[in-house]
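Coming up is one lone chain in structure tokens, specifically the form predicted on its own.
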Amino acid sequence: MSRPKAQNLINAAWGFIGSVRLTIALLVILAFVSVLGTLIPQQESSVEFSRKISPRLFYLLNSFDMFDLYHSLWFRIIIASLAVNLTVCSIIRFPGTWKLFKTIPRPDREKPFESLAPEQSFVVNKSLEDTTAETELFLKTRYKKINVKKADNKTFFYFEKGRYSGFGVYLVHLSVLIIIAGALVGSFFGFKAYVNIEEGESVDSVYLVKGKKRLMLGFEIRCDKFNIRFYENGTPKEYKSELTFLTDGEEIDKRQLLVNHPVHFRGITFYQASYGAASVRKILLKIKSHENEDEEKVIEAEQNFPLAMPDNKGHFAITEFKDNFMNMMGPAVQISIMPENGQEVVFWIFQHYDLIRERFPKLIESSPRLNPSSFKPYVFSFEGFDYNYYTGLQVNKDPGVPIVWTGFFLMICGFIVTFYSSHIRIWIRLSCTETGVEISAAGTSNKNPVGLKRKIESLADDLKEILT
């Protein structure tokens, strides 16, 4: 292959990489992929979704990392391709912008005054010297730097505003690259994990959501206390954790963690995600008899610890405890009764039975396993409990967040420069005529020609008012 052909291929490839068409194509692909990431549940949220689809579809989606799309290799390739495209695009176009920025046109140019509108010129009956002096004095009150060029029977004034407006687009490009860099830093060096801590206990590691691997934190977290409040129907109203952070056994900081109020420590963010019963200490039960309603017995029981029935004809035990039955019915315990004669009877009793029966009457009436009087003639009621809670924490680290925020700030600055400023160049020409001195105003702008025309006409009107 000859050298010119090879050079042409390289130039063509370089031009394609830095083309606006490729930018648009990558943005469309990125938008489509982001929509997929919104429609398909990600990470831990995908467990329930995976049960509703066929095994083949699950295998296909999983093979393309669709359940962790934003950390997949091919998504990172799309982001990196966009970064390369913006970089090359800026490299190709920046020299032209820089040349335009550095170039200062001659003040005595005649071309801007071609095809001038009548509103942009007028004649005054004064000498050229007086008109030049008055015009220069007026312009210096408005503009910082004015170039003046005097020629035979003519004087030219040149000034400009917004020379830096051409760099606004590059500031936006830079901001996008910084945001992409922040996203990649967070993707490669950040993590998302979880941990459960029982009251009074401490941990020094968490478990990654992806891969369930253990990750050492480099410090300890202790749950000093867990508080929870319930509504009257038994659903949780508010729960919070009192945490202490320790290094080498020394307490460094104490924080209170609530839902939607995360805590930050050493670049790691902790969220109050869940809670549960770690170990039940005591459960308070009440047993009544239909045969003798005045007879009732209050019992302090422990899970899986058999107790005698009131008539001593068999025994019962609490075989299971749930702090929020079916995630909507509040605390409940499962009772297993083994009579002397007969089969085992198993049923659930709720702490807030009357409220639950009012909310779910059909469910309670149709299910014998939810009937507290399933073993005649006794009626069991769940009076209360005492146990240790565990707090469930979501643990996130994203070192790219400050970088992303920096990118957003630069992007706003870039948009302001790009959309709210323009590079305006204005020439004023004073030329001698038979009737006096003709003053003409002309200009160019890289955007907003209507605004430029109004600006020049306003400047011409002001000059006319000063000079006439």
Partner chain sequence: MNSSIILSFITFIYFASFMSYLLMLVMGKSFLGRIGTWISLIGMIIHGAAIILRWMESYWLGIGHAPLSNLYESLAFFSWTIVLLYQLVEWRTKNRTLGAFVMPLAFLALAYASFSPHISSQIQPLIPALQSNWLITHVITCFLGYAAFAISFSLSIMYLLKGVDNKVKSSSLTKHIPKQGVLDDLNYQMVVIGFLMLTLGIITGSVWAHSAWGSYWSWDPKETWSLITWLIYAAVLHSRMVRGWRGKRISILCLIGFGCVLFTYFGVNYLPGLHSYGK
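Predicted model only: the values in this text are computed from it and were never measured. Here, rigid core means the biggest group of C-alpha atoms that superpose within 1.5 Å across both forms. Positions refer to the first chain, counted from 1.
The following text describes the form predicted in complex with its partner chain, which does not appear among the structures shown.
- With its partner chain left out of view, the stretch that reaches within 4.5 Å of it through heavy atoms in the predicted bound form is, among 33-41, 49-57, 422-430, 435-443, 33-41.
- Only one of Gly190, Pro112, Pro262, Gly168 comes within 4.5 Å of its partner chain in the predicted bound form through a heavy atom, and that residue is Pro262.
- Proximity to its partner chain in the predicted bound form, defined as a heavy atom within 4.5 Å, singles out one entry of Tyr275, Phe316, Phe245, Phe75, which is Phe75.
- In the predicted bound form, Pro339 stays away from its partner chain, with no heavy atom inside 4.5 Å.
- Put simply, His71 is close to its partner chain in the predicted bound form: some heavy atom of it is within 4.5 Å.
- When contacts are judged by a 4.5 Å heavy atom cut-off, Pro331 does not count as touching its partner chain in the predicted bound form.
- Interface membership of Lys210, defined by any non-hydrogen atom within 4.5 Å of its partner chain in the predicted bound form, is ruled out.
- Residues Thr235, Pro236, Lys237, Glu238, Tyr239 of 235-254 are found to place at least one heavy atom within 4.5 Å of its partner chain in the predicted bound form.
- For Gly400, the Cα coordinates differ by 2 angstroms or more between the shown form and the other one after the core has been superposed.
- Comparing the forms between the shown form and the other one on their rigid core, the Cα displacement of Phe226 reaches 2 Å or more.
- When two forms of a protein are overlaid on their rigid core, residues whose CA moves 2 Å or more are considered shifted, and Phe188 is one of them between the shown form and the other one.
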